[in-house]
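Encoded as structure tokens, the following chain is the form predicted on its own, with no partner shown.
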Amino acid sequence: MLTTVFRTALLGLTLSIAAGPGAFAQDGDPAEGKKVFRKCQACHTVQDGKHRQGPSLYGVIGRKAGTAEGFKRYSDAMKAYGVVWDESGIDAYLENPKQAIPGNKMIFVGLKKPEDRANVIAYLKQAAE
């Protein structure tokens, strides 16, 4: 299990490095992202330190996966992932959470539309400002 998580993390890191810093070039609309985020609100907030079933996503960009302060219910897979979230990593995770990090606890199937993911990422960035 841990080997699979390690391989997935290594693959994600390799793809991020190979793609370069401009790999996630799609600009999103924070207002539209707030609407799409309604799908996430049952489990997540964007309020600093306010957790639900899932961790607060306040300041998630730039934070190491599995480390939101005060959140204690991370899966072993998420804690072992070890990557610092950036836009391209969040995009891949939001597209298919179970494929991006096998063994994570999130039951959400993902956001298939690239524009929805870009909008949510723009909303998360704005919420942390």
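This one's a predicted model, so the numbers in the text were calculated from it and none came from an experiment. Numbering starts at 1 and follows the sequence shown.
What comes next is about the form predicted in complex with heme C (HEC), which is not displayed.
When contacts are judged by a 4.5 Å heavy atom cut-off, residue 80 does not count as touching heme C (HEC) in the predicted bound form. Residue contact check for residue 94: one or more of its heavy atoms lie within 4.5 Å of heme C (HEC) in the predicted bound form. Although the partner is absent here, residue 54 is a contact residue: one of its heavy atoms lies within 4.5 angstroms of heme C (HEC) in the predicted bound form.
A residue is said to contact a partner when one of its heavy atoms sits within 4.5 Å of a partner heavy atom; residue 35 fails this definition for heme C (HEC) in the predicted bound form, lying far away. Looking at 39 to 55, the residues that come within 4.5 Å of heme C (HEC) in the predicted bound form, counting any heavy atom, are 39, 40, 43, 44, 53, 54, 55.
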